[in-house]
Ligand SMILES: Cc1cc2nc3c(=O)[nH]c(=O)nc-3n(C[C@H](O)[C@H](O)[C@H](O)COP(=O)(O)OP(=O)(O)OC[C@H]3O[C@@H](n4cnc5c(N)ncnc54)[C@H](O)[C@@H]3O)c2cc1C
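One chain comes next, on its own, written out as structure tokens in the form predicted on its own.
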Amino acid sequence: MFRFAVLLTSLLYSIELAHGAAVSGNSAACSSLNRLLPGKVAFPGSAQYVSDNEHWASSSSQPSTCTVEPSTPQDVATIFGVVNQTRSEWAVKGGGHAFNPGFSSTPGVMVSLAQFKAINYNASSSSVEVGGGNIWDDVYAKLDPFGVTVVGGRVPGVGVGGFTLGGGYSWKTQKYGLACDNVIAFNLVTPTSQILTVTAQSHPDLFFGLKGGGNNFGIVTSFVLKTRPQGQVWGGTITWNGVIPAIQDAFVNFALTNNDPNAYFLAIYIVQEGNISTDAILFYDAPQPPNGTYDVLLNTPGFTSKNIGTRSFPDFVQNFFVPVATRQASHVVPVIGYTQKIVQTMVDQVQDLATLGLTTAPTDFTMFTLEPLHKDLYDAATNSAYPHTPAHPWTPMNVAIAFSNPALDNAAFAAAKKSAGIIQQVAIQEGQSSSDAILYPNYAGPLSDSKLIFGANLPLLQKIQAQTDPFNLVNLTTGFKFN
């Protein structure tokens, strides 16, 4: 039946060509999809077109030839049939939080998963099926009344699909691993228009590849995820103007000595309009932390804002303020741990970046996020395309530049990568990184070497992709490719 559907799609497309539209592959694809999927395709000038192409950062958006909102896996299969016939460019957008230009945008056919927003909780199997068009905020809110949550994004607005397919570091990672480690099944439409439920038992190679392998195997319309018990949590943000030595010391001490997987401490340095500020993001996965966990931070005077308390997990995530970025360039520093010299280099670099003439508008900023993680995260690590095991112990530190001028795109990405490289060299000297350290794909800049994303997994991933995508459709879209 399904092979018939694929053949029918090809036949219908042949009929469309017979109408004589001598247009490019992108335009031909959009014309055919408009007839094959009536009411689901949008063109410039429509509200759906604007919404489908919109991203959290405008630098991640492109004007597509058309957009399409499939509502069933069969619709997605039809789209791949047309893409194969026309060789049109395409991309898929879930939540629209991708940093890198073209990673979820295209000048061709923009596939929006806006209609895949179901969230179905199954208490008996401790699982939830989540549509690929959801953001984590909505998943957390839906699950909260049941006293459970999932391993998902740490800040508001992050999409389920790209986050999970890129690995996914979470507030729950220290106890349960990455988001990809908590997937039970991927509901996938392959580039050959097959509709598959991919599990460790049914398709072990594909299951491995989808865990951190990005968009290289087709379009995931929904994820079946493990749910985890969740009660109230404690945490929030404290902000100080300037660089506070006591906070820097407390961060390094926490990174070196913390043995409690419930305890999290992110340090964020932001430079905006020439002024640097220090944020301490505190999280404890219980209503109160043990005495002494965060005493230095809570008692350091001079803060400009302090929003700390006991609250629900969804409220904690919503209270995490993320500055709005018009355009964003991002890169990653892979580290095992943090020393005083590494942190000081990061502080120096975030200020140096702000002097390069990239952040010219009042809303522009440079921001570095330091993310120490407890070693217990490897206890829950699974065999995945993105290596994260005791043999690959690097965790990500994020370098970000938010800017406004599109003419500065290339310079901003180059500057972020250069700054990350300077910090990584210091980390290597301190014994906390290496030249072949794995880069976290959800932070890595667009020109990153795939060998540093996937490591020794790359040959196997190339083989799996070739088997799944004999027409090589995934190379008509952008992302970290295997070839």
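Numbering starts at 1 and follows the sequence shown. All values derive from a computational prediction rather than experimental measurement.
Another form exists, predicted together with this ligand; not displayed. Remarks below refer to it.
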query: Among 210-218, 346-354, 404-412, 245-253, the region lying within 4.5 Å of this ligand in the predicted bound form by heavy atom distance; finding: 210-218
query: 4.5 Å heavy atom contact with this ligand in the predicted bound form for all of 82, 107 and 191; finding: no
query: Contacting member of 92, 267, 183, 335, with respect to this ligand in the predicted bound form [4.5 Å, heavy atom]; finding: 92
query: Any non-hydrogen atom of residue 158 within 4.5 angstroms of this ligand in the predicted bound form; finding: yes
query: Residue contact check: residue 165 to this ligand in the predicted bound form, 4.5 Å heavy atom; finding: yes
query: Contact label in the predicted bound form: residue 169 to this ligand, heavy atom within 4.5 Å; finding: yes
query: is_contact(residue 154, this ligand) in the predicted bound form, heavy atom dist at most 4.5 Å; finding: yes
query: In the predicted bound form: members of 100-120 within 4.5 Å of this ligand, any heavy atom; finding: 103, 104, 113
